[in-house]
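Starting off, we have a lone chain in the form predicted alone, written out as structure tokens.
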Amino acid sequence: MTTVHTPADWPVTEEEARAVQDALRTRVVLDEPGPPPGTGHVTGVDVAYDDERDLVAAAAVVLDAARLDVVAEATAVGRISFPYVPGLLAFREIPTVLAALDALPCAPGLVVCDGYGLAHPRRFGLASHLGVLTGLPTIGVAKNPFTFTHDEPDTPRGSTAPLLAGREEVGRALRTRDGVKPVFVSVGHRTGLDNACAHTLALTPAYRLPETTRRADALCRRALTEAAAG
């Protein structure tokens, strides 16, 4: 487990954080399709918090994209680096997530975030932020639609409906199990939306949420428990 210190130049106010988002948002790459589903590595990242102890734990779990077997994993624990502000949650998570990714012994391939990319009020959620900082292809797969609207996808697995900000499509509601509540997929960086949905389906052979998210969530919770106990 890696111990993380908040960078000295990390934003401390909402104004500073939004200025960083504005500066980095112009570097998001939207004209690359991304790696084909079922090839190479795919990595899930997730975080867990202990607000009473001011701790955040991040996990990165690398899967073989074809077999969905675990190839490598790493965790990092640090102090919470920013207050809770909707739309700025990446600033609470990025330092520990970057440390977990850096601790991996192999290339992560596509990174799947438990959250949003372009489906964000400022079009720069965690998946986009992480992608720009690392240069890796990233997508966001969220459990709820945030502030955006959508029609219900048809009942069968694989059905989609646009996730909309007014008339702008910022992602898709994607049904990963027949008749089960959809997940909400958005592009992060260096990946197209069709491909992001295809990856999400490849990662959900048995459950609503991607295997990447399920495994990273379990691992970061274990890391947080160990850090709190220590």
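Keep in mind that this is a model prediction, so the values were computed, not measured. Residue positions are given as counts along the sequence shown, with the first one as 1.
Not on display, but discussed next: the form predicted in complex with the DNA.
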| item | value |
| --- | --- |
| Contact at Asp46, His120 and Ala142 by the DNA in the model of the complex, all three, heavy atom at most 4.5 Å | yes |
| Stretch in contact, per heavy atom within 4.5 angstroms of the DNA in the model of the complex, of 69-77, 101-109, 154-162, 86-94 | 86-94 |
| Residue contact check: Gly115 to the DNA in the model of the complex, 4.5 Å heavy atom | yes |
| is_contact(Arg25, the DNA) in the model of the complex, heavy atom dist at most 4.5 Å | no |
| Partner contact for Pro137 in the model of the complex: the DNA, 4.5 angstroms, heavy atom | no |
| 4.5 Å heavy atom contact, Leu130 and the DNA in the model of the complex | no |
| In the model of the complex, residues of 119-141 near the DNA [heavy atom within 4.5 Å] | His120, Gly125, Leu126 |
